[in-house]
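Single chain ahead, written as structure tokens, the form predicted alone.
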Amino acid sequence: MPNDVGHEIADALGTLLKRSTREQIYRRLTEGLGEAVDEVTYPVLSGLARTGPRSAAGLADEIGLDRSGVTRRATRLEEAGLLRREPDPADRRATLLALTEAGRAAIHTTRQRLAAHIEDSLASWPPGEAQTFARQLHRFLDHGPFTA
């Protein structure tokens, strides 16, 4: 059947994108990083690391939460010194969320953990196959159904 590969990839993506899968990964990545950094607040930290300073509404669009959910999570992270609120230079009435140095350090730790976890899970693959997978995954993201 011509759609077999498409269905197989769609099923795999469905598993990766499930909320429970993401929460399990986030829990593993954030373990021991302090009370404020957990599977609930991680998307806010990670989103800010990807985008740079953003309004709560802009970040909400980026990470798939509503603005009030981002604001609640940001407050926890701000109280822990991991992000700060700063005036928006384009609109002084607006506020941007930005990572602090401690927030950037937490993201660095989580990204190191994620890379190590991925490499460990690929350790049994034949030489070169993991590198090919990484290249093909980038190709799929750049030219697949997710491009604008």
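In case it trips you up, residue 1 is the first one in the sequence shown, and so on. This is a predicted model, so every value here is computed, not measured.
Below, we refer to the form predicted together with a further copy of the same chain, which is not included among the displayed structures.
Contact check for 7, 112 and 122: all three have a heavy atom within 4.5 Å of a further copy of the same chain in the predicted bound form. Residue contact check for residue 96: none of its heavy atoms lie within 4.5 Å of a further copy of the same chain in the predicted bound form. Contact annotation: residue 84 falls outside 4.5 Å of a further copy of the same chain in the predicted bound form, judged by heavy atom distances. a further copy of the same chain is not shown here, and in the predicted bound form it never comes within 4.5 Å of any heavy atom of residue 27. Residue contact check for residue 63: one or more of its heavy atoms lie within 4.5 Å of a further copy of the same chain in the predicted bound form. Proximity to a further copy of the same chain in the predicted bound form, defined as a heavy atom within 4.5 Å, holds among 49, 118, 57, 102 only for 118. In the predicted bound form, 111, 112, 114, 115, 117, 118, 119, 121, 122, 125, 129, 130, 131, 133, 134, 135, 136, 137, 138, 139, 140 are the residues of 110-140 with at least one heavy atom within 4.5 Å of a further copy of the same chain, listed from first to last.
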